[in-house]
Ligand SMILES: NC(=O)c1ccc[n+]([C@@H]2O[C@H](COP(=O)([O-])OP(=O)(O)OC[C@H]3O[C@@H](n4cnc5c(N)ncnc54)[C@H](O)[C@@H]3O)[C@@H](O)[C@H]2O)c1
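Quick heads-up: it's one chain on its own, the form predicted on its own, in structure tokens.
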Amino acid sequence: MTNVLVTGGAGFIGYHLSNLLLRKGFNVTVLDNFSDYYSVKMKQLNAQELEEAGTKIIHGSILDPESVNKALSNEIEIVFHFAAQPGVRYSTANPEKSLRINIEGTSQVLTICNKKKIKKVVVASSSSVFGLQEYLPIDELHPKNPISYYGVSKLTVEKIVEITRRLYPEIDISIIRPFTVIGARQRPDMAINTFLSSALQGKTINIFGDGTQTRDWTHVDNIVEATYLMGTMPNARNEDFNIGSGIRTSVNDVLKLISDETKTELKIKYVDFDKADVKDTLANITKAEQILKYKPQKSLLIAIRAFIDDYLKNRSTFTQ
């Protein structure tokens, strides 16, 4: 059985990735600091479920070399690095924290991976590295001009990966750039969670802009399937992939879906568009389709339904 490490494994994407790896028969170790950026109880629930399924949970930070060394001490063969300080808007208010955790943390993980002679690492970047789109759909060659501190932090992460590849060719590092990930256990600050939880509680939903902006809303299961393929397929060596659904949908259309699924009349308030946000996103997934044989299987609607089911089941945990 292959031993793998998922950093940030108690978080949204990391939790789903860890579950997939367990189903695939891997021995999974998770490193997470259980940050209070959002509900610690949600992360504890994620970790509890993973631990009950056989995952080893290590409580520690990617900024702490002792924690990273401990996490990599169990004959780890593949590392999936998803630990980060997320949030475009959060980074506007807290640039130093976003930059330090994402840049310094990733540098430390890669440095220790190299010392431990780890052969394969998948690093999570973000579609935020592209900034304002010059064309759609956005392929891997699209210019990278981030307009948020978060985007800058992730672009710097990519530059660190590029340098590590060049200096240490024996280590294989792939980069995944997810586009607007959605689904059960989503972070409370993310759009679908905000929309749905507000709808289910009868609260007003604040929409930045007029709602015509579009996103490539991508089911988390599609993201983690692509991540798994990147970590296990030899032809993904040192490659970067944009991963989305290949479909864009406006915020207003998403609100309509949510209204239909929750059978509620939404209370919506449109506010000024956030300058750190982009107007439209859409992933060109041709490269992933060709190299990884990636094919997104789950839709926006399935993600909304999965979120509703999980939220109603765990409402007391998610609203604290």
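Bear in mind the structure is a predicted one, so any value in this text is a computation, not a measurement. When you see a residue number, it is the position in the sequence shown, counting from 1.
We do not show the form predicted in complex with this ligand, though everything after this point is about it.
Each of Gly11, Ser126 and Thr180 comes within 4.5 Å of this ligand in the model of the complex, counting any heavy atom.
When this ligand is considered in the model of the complex, only one residue from Phe241, Tyr149, Phe130, Phe82 comes within 4.5 Å through any heavy atom, namely Phe82.
With the partner left out here, this ligand still marks one of 55-63, 254-262, 290-298, 272-280 in the model of the complex; by a 4.5 Å heavy atom cut-off that stretch is 55-63. Taking non-hydrogen atoms only, Asn33 approaches this ligand to within 4.5 angstroms in the model of the complex. Among residues of the shown chain, Val161 is not one whose heavy atoms approach this ligand to within 4.5 Å in the model of the complex.
Taking the partner from elsewhere, Lys144 is found to have every heavy atom lying beyond 4.5 Å of this ligand in the model of the complex. Contact between Arg187 and this ligand in the model of the complex is found at the 4.5 Å heavy atom cutoff.
Contacts between 155-170 and this ligand, taken as any heavy atom within 4.5 Å in the model of the complex, involve no residue at all.
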